[in-house]
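A lone chain, given as structure tokens: the form predicted on its own.
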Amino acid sequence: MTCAGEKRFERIPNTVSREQIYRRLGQTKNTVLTAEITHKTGQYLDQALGIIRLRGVYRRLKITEKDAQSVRLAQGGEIRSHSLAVFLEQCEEVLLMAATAGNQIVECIQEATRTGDLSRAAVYDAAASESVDTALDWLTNYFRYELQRENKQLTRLRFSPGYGDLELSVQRMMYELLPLSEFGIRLTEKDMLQPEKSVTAVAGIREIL
């Protein structure tokens, strides 16, 4: 069942650029590679992009209470983070979001690593990481378009659990508020998302002044 303020996407277009993936691999315009390595990297990249399946969801929730150290949300969610509380100071709502690159690409990375094909594993890993970040960009851009008629705007930045003082344990709350299990995403005892190439984030919604 879809909750109020929630929207699910079974297929998100992959708008990642090859330049983004090459940068994650440590390549720059000045990097000199042999023709063979360039060809193989391109092949691996094509394979990875063919395997990745981006899916995602977002949910809009009101902020019911906030202070300098925490933010309380409708539906009983609470986020303890000084940095996020300051970030959301002008906001009355939040957008919780999640995206995944799917289990198949993770299995392919693991298989390539097991068989010693480390170049393939590195390219697949970089492609999946950059793609899922781009999926969050796509979700926020989609929601920004939805907000246009409300005279509200989404914050330019977003926070993900595990960065700064936003504890990784926040993912447990987000897992409860978003239908992540329906996307094949599991939460470990250490609050890690599985499959690995899955991410969550929170952004703020505020009035346009």
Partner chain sequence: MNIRKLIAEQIVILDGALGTEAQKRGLPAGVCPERWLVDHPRLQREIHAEYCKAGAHAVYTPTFGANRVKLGHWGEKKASRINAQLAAASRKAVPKGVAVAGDIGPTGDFVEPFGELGFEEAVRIFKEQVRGLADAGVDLCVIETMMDIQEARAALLAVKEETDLFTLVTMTFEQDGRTLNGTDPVSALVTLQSLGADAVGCNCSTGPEDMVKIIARMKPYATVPLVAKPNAGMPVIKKGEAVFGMTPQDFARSGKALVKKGVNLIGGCCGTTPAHIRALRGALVRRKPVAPVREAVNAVSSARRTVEFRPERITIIGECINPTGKKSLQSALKKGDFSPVRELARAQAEAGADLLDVNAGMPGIDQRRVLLRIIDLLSVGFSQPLSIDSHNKEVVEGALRKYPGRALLNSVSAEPNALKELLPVAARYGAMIIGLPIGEKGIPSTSRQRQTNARKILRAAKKYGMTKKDILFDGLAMAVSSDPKSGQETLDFLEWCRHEFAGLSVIGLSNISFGLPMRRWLNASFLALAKARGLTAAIANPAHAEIRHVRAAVDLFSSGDMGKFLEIGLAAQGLETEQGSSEETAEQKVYRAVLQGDRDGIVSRIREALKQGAVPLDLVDRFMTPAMNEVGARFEKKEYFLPQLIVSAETMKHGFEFLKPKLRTERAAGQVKTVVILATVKGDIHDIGKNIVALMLQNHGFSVVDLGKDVSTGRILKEIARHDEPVVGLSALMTTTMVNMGEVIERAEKEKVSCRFVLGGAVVTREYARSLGAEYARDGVEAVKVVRRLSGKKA
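Residue numbers count along the first chain shown, from 1. Values in this document were obtained by computation on a predicted structure and should not be read as measured data.
Another form exists, predicted in complex with its partner chain; not displayed. Remarks below refer to it.
Per the 4.5 Å heavy atom criterion, its partner chain in the predicted complex is contacted by stretch 115 to 123, the sole one of 80 to 88, 67 to 75, 94 to 102, 115 to 123.
Heavy atoms of L168 reach within 4.5 Å of its partner chain in the predicted complex, making it an interface residue. Although the partner is absent here, E150 lies within 4.5 Å of its partner chain in the predicted complex, judged by heavy atoms.
Among heavy atoms of Y44, some come within 4.5 Å of its partner chain in the predicted complex. Though the partner is left out of this view, I185 does not reach within 4.5 Å of its partner chain in the predicted complex, counting heavy atoms only. Residues are counted as partner-facing when one of their heavy atoms sits within 4.5 Å of its partner chain in the predicted complex; in 132 to 163 these are W138, N141, Y142, Y145, E146, Q148, R149, E150, N151, Q153, G162, Y163, in sequence order.
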